[in-house]
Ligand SMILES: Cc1cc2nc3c(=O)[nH]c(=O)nc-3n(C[C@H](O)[C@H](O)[C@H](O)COP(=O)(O)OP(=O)(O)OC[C@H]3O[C@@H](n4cnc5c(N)ncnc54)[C@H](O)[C@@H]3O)c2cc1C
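Only one chain is included here, represented as structure tokens and corresponding to the form predicted alone.
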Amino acid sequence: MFTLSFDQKILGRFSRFLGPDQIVTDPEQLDMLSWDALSKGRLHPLRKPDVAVPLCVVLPVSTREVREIVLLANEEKVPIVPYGGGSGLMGGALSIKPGIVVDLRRMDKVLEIDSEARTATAQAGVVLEALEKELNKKGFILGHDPWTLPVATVGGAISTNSMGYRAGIYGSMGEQVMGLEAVLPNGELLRTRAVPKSSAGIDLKFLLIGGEGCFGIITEATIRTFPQPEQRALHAVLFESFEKGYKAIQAIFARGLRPALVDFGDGDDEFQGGAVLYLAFEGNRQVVEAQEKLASSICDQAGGRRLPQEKAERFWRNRHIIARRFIQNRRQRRERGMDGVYWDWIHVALPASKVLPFRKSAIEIIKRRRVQLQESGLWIQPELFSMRLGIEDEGANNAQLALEETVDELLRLVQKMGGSMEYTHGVGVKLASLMAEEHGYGIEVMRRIKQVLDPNNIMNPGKLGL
């Protein structure tokens, strides 16, 4: 008697409510969607996850279909990996067990733009750039402007609570979420009210914001929108040292100014030993002019030298160029590090008073471990500090291990100093081993919540240290 295989059984059940073009089994497509934008060269050699080929990829077009998929997966106890633009840098969308990839990119409808409420409601698979264009037609902008704007989706950006270039005045993606709809791991539908403030119990949207798909699949979201700015002022300022530039940035924030953009770093090859600050203000013309004038005065007093305007304009024009390259060749990013040249970074949050002491200690650690510091810098505000590191394998095959051990030591130092190990890209599999140090008993709270909502542990298992 002929017996259906497990895979055939699942595919047969999917075909009852999904069309043939909504079920993908092509090996090349399965392989591509088993990864996101995490490079192999950024994985700790002793903690590399086993990446599995998905059983299939499904492409729902509605919340109802997502719910049917989740209910089926629960019955069969098959893992689910929610998938958006695939531009996550921490492995949050890696398939580490054979399962079902739920590709949400066909849920790409902008459902409503409410001009009076200054909100937009969109399905989770809407690409951020597409939403931006729709908003522009009505005189609004999307406040979230990450480097991945042409690739990332609404649901994916919410799931990592990522930040963008204009977060200084508009906030992170999570801060822009008014309300959302999600299918929980048990198949139940959660809808939160799209209001700016509520004191009627816990705000459950935060179960999904930053949850990386471990607590449910976001299907729709209502987010804040903002009027197109009357004016934008861009500046590029050179400081003699990181310390002098940091002092100026601290002074800008101490005076109550709110730059849309702060991008500061000492990695520009053109200015060895110096540090360049890209600064932007946007919004109401009078407010922009007043803030720009005061910020320029502060930079002048700190010894900053204004660079040609074209440098600032070029930085702004090119801020999404990496994502457009990623669209053209996703596998190239995945294979980085295979040539023996490794690089990684840290994006950490610290009390402003701890940034310079941490940087000093970090440089000592990096030198001791014989890793190259390529850049240190700030993004958006003084408390958000970054470092880019690199190393080349000289034949001993231990370069990647040396780099990732250095990253681990730096992140543990951040935690000891009262900071957080990541502020924009999420955790995924890359930082999962450090979640216990990050949260203490809080990680147990997360595990218990997940156990109640996801007793079969089907929803993006192995991510967030859960």
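Predicted model only: the values in this text are computed from it and were never measured. Residues carry their position along the shown sequence, with the first being 1.
The same protein has a further form, the form predicted in complex with the ligand, not shown here; the description that follows concerns it.
Undergrad: Among L111, I322, V195, L189, which has any heavy atom within 4.5 Å of the ligand in the predicted bound form?
TA: None of the other options qualify; the answer is I322.
Undergrad: May I ask you to choose, among A295, I380, A152, V276, the residue with a heavy atom within 4.5 Å of the ligand in the predicted bound form?
TA: Of A295, I380, A152, V276, the residue with a heavy atom within 4.5 Å of the ligand in the predicted bound form is A152.
Undergrad: Answer with yes or no whether A236 is in contact with the ligand in the predicted bound form, where contact means some heavy atom within 4.5 Å.
TA: Judged by the heavy-atom cut-off of 4.5 Å, A236 is well away from the ligand in the predicted bound form.
Undergrad: Quick one: is T424 in contact with the ligand in the predicted bound form, heavy atoms, 4.5 Å cut-off?
TA: Judged by the heavy-atom cut-off of 4.5 Å, T424 is in contact with the ligand in the predicted bound form.
Undergrad: Closest heavy atom of T160 to the ligand in the predicted bound form, within 4.5 Å or not?
TA: Result yes; T160 sits at the interface with the ligand in the predicted bound form.
Undergrad: Give a yes or no for G245: in the predicted bound form, does one of its heavy atoms lie within 4.5 Å of a heavy atom belonging to the ligand?
TA: Taking the distances in the predicted bound form, the answer for G245 is no, it never comes within 4.5 Å of the ligand.
Undergrad: Exactly one stretch in 67-75, 348-356, 205-213, 386-394 has heavy atoms within 4.5 Å of the ligand in the predicted bound form; which is it?
TA: Of the options given, it is 205-213.
Undergrad: The ligand in the predicted bound form: within 4.5 Å of a heavy atom of each of G143, A167 and A260?
TA: Negative, none of the three is within 4.5 Å.
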